[in-house]
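What follows is one chain in structure tokens, specifically the form predicted alone.
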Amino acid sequence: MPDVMKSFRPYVTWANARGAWPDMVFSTRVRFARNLQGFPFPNKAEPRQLAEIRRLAISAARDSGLFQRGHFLKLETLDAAEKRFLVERHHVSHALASSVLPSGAAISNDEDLSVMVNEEDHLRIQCLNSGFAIEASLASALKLDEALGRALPFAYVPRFGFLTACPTNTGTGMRVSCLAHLPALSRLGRMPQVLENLSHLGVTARGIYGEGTMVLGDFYQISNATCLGRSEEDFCQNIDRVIRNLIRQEIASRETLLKGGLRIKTEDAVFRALGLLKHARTLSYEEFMQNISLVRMGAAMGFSTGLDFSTFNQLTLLMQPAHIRAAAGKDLGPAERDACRAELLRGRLA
């Protein structure tokens, strides 16, 4: 098994369902894009420059005092399975995982803080928290941003703010996002209208792994679409209002699913899904997500599933392909991986 997989805990702290509204908000993330003065953006930089940026960034992270017993990684030295594992833990993006140039990541021991080095920007500074926790996530991300900023010369001009490779990140360089679970809205066919309404509020909805990824298990990553013209606090307040509105809509939709003839259909769907998860002999991750979404919704609606939201969260992470490979301790073909997932799941749900 690759060493990077062995070095991470099987239990993911930021997915412990301790935040507000854990049945509807899986996690909250605040991320800052930063670049260093005197260096080209990563897409224009030479390998020697990228290596120097990484050296400076990792050194600053070590010296910040926020990464004690943390992980400091050179991405180009990792194999594909290790990189996929880090993507599944939400510490690196698909774009960074696919890079063959000098790049890296610093990840705290509790996995709530991380820094991607040489993705689209020199630094992507990130805080992850469980549940609906925008204020706490912003405070932690700002603390890390300020610690790194004392050691590194961030590219900044008073007229525009922080300079970034993509114009939509210029300004605060901040994205605040919540990973929201909206199965009832999806089941009632209301999501297309919801997504259209979000686009008019300066908000975007993406898949479970962020930009360019598909929606799995009715999870939507809701974040601000731009970073310029408002303060960090203003952007956070806007996302806070949007998420609270989505929560109200999801609650109303769940109440609709419990009325009249829809109740028996909903209850049947939930317990069929639970039965499949408990007894299947082969299970793809997509099928797992489809069914865990229904059971999670059922638990939130008061059905007796025997599972809590921390278990739902941990399973959602641990049943991913690279995590299954880590649990098996060897490379697996797709069919073997699906059989292994089903076996592990039966053991967890027995």
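Being a predicted model, the structure only gives us computed values, none of them experimental. The numbering used is simple: start at 1 and walk along the sequence shown.
What follows is about the form predicted in complex with another copy of the chain, which we do not show.
Trainee: Name the stretch, out of 59 to 67, 316 to 324, 28 to 36, 279 to 287, where some heavy atom lies within 4.5 Å of another copy of the chain in the predicted bound form.
Mentor: Heavy-atom contact with the partner occurs in 279 to 287.
Trainee: Within 4.5 Å, heavy atoms only, which of 81, 274, 205, 242 is in contact with another copy of the chain in the predicted bound form?
Mentor: Looking at the other structure, the residue within range turns out to be 274.
Trainee: If the cut-off is 4.5 angstroms on heavy atoms, which of these, 110, 233, 267, 255, is the one near another copy of the chain in the predicted bound form?
Mentor: The option sitting close enough to the partner is 267.
Trainee: So in the predicted bound form, does residue 339 come within 4.5 Å of another copy of the chain, heavy atom to heavy atom?
Mentor: Answer yes; at least one heavy atom of residue 339 falls within 4.5 Å of another copy of the chain in the predicted bound form.
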